[in-house]
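As a starting point, one isolated chain is supplied in structure tokens, in the form predicted alone.
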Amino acid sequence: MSLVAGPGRGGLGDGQFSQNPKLCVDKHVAYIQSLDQRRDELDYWLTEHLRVSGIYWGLTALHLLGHPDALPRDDLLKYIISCFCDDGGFGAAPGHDSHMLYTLSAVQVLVTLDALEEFEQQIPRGKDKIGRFIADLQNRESGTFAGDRWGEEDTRFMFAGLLALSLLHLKHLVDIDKCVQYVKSCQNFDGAYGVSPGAESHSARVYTCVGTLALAGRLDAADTDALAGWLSERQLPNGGLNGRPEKLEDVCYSWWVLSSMAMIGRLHWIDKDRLTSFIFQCQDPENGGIADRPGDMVDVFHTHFGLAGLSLLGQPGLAEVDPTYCMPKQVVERVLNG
């Protein structure tokens, strides 16, 4: 799955937005299908370090668009398995070192494809190996996680580890109480969360921390009203959302902010109509894809998170997304109840 930006741009070519915008479903499907056909472009190879996550973003977007079979399932599965490492994790591409973020993306793809059984046929006890890789990255003193064997710790890795373990029914392998304690230590005076204790509040880090609390069944640990107030202030006059004060709007925060507000039951604190209009202005109505903001080049990352945000907003024609797992709700329910 190529992460090459473009070729289209968000908004109409003349800079004027349609008075009656609509979701360009067929265009977005065709755009995602075309991504792996751009192998003659330098950027295709410069983004190899994101390949597995790119597959997750594209596949999830297609499921939300109602076209789950638009990409060749067997080819996707073969590629994901080729990224499996001897230590039990997944790299971003074949031959890359394993990392927590790509391990989560790989698990999400396997689950979405309903391919865990096939995975274990090729990798005996594969789920247990993944579980052990993740569990070994938990700092048993602080409760947080490293992203890989090199040791960098980040709330992203803690959330990613718990999310993957949840999908594999292996959360018992880690100390969840310690995770909750660490999230509490990352909470700031404004009710929001940073990447580590004392770090600046940031919308994406809020998602990882609130998501961790949701997976732990401890949303009661959040200062709900203060947090929702901070998140609601991320909406700018043009309807878009930003990651922190004094920053520009970006379509990806349509996910980070909305998902957090959905998990704490405060989704109604955002002006849904204005945000929907902003996201529509960021899509390319001719070539498909969604950009970070109007006028910029589209890419699969923002296409995925823009569609996920629209799903949370109840956009007609989109499948329902789970606000914690960032996967089609139907898929999550099948896995967790299976």
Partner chain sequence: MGLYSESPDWADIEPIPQDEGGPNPLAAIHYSEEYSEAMGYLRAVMARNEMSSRALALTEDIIDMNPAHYTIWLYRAEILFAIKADLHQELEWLNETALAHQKNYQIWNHRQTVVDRVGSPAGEAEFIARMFEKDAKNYHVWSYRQWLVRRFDLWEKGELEDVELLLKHDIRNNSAWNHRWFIVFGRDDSAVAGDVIQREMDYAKDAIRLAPQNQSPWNYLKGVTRRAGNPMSSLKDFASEFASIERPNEVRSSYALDLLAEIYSQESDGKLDAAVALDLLAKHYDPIRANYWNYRKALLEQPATAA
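All values derive from a computational prediction rather than experimental measurement. Residue numbers count along the first chain shown, from 1.
The form predicted together with its partner chain exists for this protein as well; it is not shown, and the discussion that follows is about that form.
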Report summary line: With a 4.5 Å heavy atom cut-off to its partner chain in the predicted bound form, the contacting stretch among 22-30, 37-45, 307-315, 58-66 is 37-45
Query - Output flag, Gly198, Gln235 and Lys247 jointly within 4.5 Å of its partner chain in the predicted bound form, heavy atom basis - result: yes
Requested in this report: Tell me, yes or no, whether Ala92 is in contact with its partner chain in the predicted bound form, where a contact means a heavy atom of each within 4.5 Å.
Outcome: yes
Report task. Check whether Lys78 has any heavy atom within 4.5 Å of a heavy atom of its partner chain in the predicted bound form, and answer yes or no. Result -> yes
Query raised in the report: Would Tyr102 count as touching its partner chain in the predicted bound form under a 4.5 Å heavy atom rule?
Result: yes
Query raised in the report: Within a 4.5 Å heavy atom cut-off, is His202 in contact with its partner chain in the predicted bound form?
Result: yes
Query raised in the report: Since exactly one of Asp97, Asp87, Asp128, Glu120 fits, which has a heavy atom within 4.5 Å of its partner chain in the predicted bound form?
Result: Asp97
Query raised in the report: Looking at Asp114, Asp136, Asp190, Asp175, which is the one with a non-hydrogen atom within 4.5 Å of its partner chain in the predicted bound form?
Result: Asp190
